[in-house]
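Starting off, we have a lone chain in the form predicted alone, written out as structure tokens.
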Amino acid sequence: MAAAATAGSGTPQEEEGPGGEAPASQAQAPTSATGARLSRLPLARVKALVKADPDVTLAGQEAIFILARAAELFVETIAKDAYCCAQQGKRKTLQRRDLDNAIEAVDEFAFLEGEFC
């Protein structure tokens, strides 16, 4: 009844769905049926790489997750910087020289200089 009383007021009204529920557009926290992955890298592969180091005897799941997440952030950062180098060359496709330029331009990547042949 309230919607009928305010229908001529010029304000948009949200209608109730069948059965009196709020419309689907009203915000509820988005949920993922499959459960969002917290890490994009396969943790089993990261664990295998960690175990390949002879200095590492044990590595907990939390440590593996942190290493995987750190690797993701590192790759994301260097890729963004390399993409900026590609844009300066008026290109959208990353090339090896873009990574080389990003490594040379950013001090945080100085440890990578001369590592790639």
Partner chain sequence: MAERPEDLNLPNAVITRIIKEALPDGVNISKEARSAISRAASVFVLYATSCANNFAMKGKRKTLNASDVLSAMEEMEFQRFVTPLKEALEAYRREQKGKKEASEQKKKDKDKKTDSEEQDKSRDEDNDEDEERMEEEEQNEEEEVDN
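Positions refer to the first chain, counted from 1. Being a predicted model, the structure only gives us computed values, none of them experimental.
Keep in mind that the form predicted together with its partner chain is not shown, yet the notes after this line are about it.
- In the predicted complex, its partner chain lies within 4.5 Å of some heavy atom of A71.
- Shown alone here, K90 lies farther than 4.5 Å from its partner chain in the predicted complex, counting heavy atoms only.
- Residue contact check for A105: none of its heavy atoms lie within 4.5 Å of its partner chain in the predicted complex.
- Although the partner is absent from this view, L67 contacts its partner chain in the predicted complex, with a non-hydrogen atom inside 4.5 angstroms.
- Using a 4.5 Å cut-off on any heavy atom, the residues of 55 to 78 that reach its partner chain in the predicted complex are, in sequence order, D55, V56, T57, L58, A59, G60, Q61, E62, A63, F65, I66, L67, R69, A70, A71, E72, L73, F74, V75, E76, T77, I78.
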